[in-house]
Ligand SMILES: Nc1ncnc2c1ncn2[C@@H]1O[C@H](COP(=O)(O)OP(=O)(O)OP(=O)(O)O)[C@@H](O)[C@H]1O
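In structure tokens, the next block holds one chain alone, the form predicted on its own.
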């Protein structure tokens, strides 16, 4: 279960207060596939950063997997994220001069799930799952956009997270590759029985989800 209550996220921009997000309540049940929509700047990425523990709200409470993230230290939130949450970024967020395998192994070192000797074996299994085991020694900067996103997917699921967050995972891809990537993400979430939250601007993808949530409408509901 993911639950946010009475959330306010306010940034200080050179003395000007900017309200990035304001939500009274949001709940996502275990195993749900939910799409988040809304115009640019309405707070979708801020919401995902709060759910992942990368940000703390100015006010309010964030509870994920029965853990109150707002009561944890930064280090505790980092460890929680490593063990429970897989985050797929629009811009891939990979290390371009590292190999494909090195990029996937890296987050495993922050998790307590695997012994050191198991990491490479598990990473290779994940790369095979996304169709990139043949490019394990290739540097990421030499890959196509679709291949980079597959590396990002493998990296995000290698620790077998309960929750997968995907922030516009097809935003930098053409329609054909975007459709393949979204199909791959939803299939993996189903196989892993993971909760899947996806930010998307592509309305044609919405039928792949249990429901869609417009962040702007949630904001409007409490004004």
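What we label the rigid core is the largest C-alpha set whose atoms superpose within 1.5 Å from one form to the other. Positions refer to the first chain, counted from 1. These figures come from a predicted structure and were not determined experimentally.
What comes next is about the form predicted in complex with the ligand, which does not appear here.
Participant: Though the ligand is not shown, can you say which of 90, 99, 83, 142 has a heavy atom within 4.5 Å of it in the predicted bound form?
Facilitator: Flagged contact: 90.
Participant: Out of 178, 43, 57, 53, which one falls within 4.5 Å of the ligand in the predicted bound form, going by heavy atoms?
Facilitator: Only one listed residue qualifies here, and that residue is 43.
Participant: Examine residue 24 and determine whether its closest non-hydrogen atom to the ligand in the predicted bound form is within 4.5 angstroms.
Facilitator: So residue 24 does not count as contacting the ligand.
Participant: State yes or no: in the predicted bound form, is some non-hydrogen atom of residue 39 no more than 4.5 angstroms from a non-hydrogen atom of the ligand?
Facilitator: Answer yes; at least one heavy atom of residue 39 falls within 4.5 Å of the ligand in the predicted bound form.
Participant: Is residue 213 close enough to the ligand in the predicted bound form to count, meaning some heavy atom within 4.5 Å?
Facilitator: Residue-level check for residue 213: no, no contact with the ligand.
Participant: Given that the ligand is not shown alongside this chain, does residue 207 nevertheless sit within 4.5 Å of it in the predicted bound form, heavy atom to heavy atom?
Facilitator: The answer is no: residue 207 has no heavy atom within 4.5 Å of the ligand.
Participant: Can we say 32, 67 and 193 each have a non-hydrogen atom within 4.5 Å of the ligand in the predicted bound form?
Facilitator: No residue of the spot touches the ligand in the predicted bound form.
Participant: Taking heavy atoms and a 4.5 Å limit, what residues of 1-20 are near the ligand in the predicted bound form?
Facilitator: Residues within 4.5 Å: 11, 13, 18, 20.
Participant: For residue 207, state whether the C-alpha moves by 2 Å or more between the shown form and the other one after rigid core superposition.
Facilitator: Comparing forms between the shown form and the other one, the residue 207 CA shifts below 2 Å.
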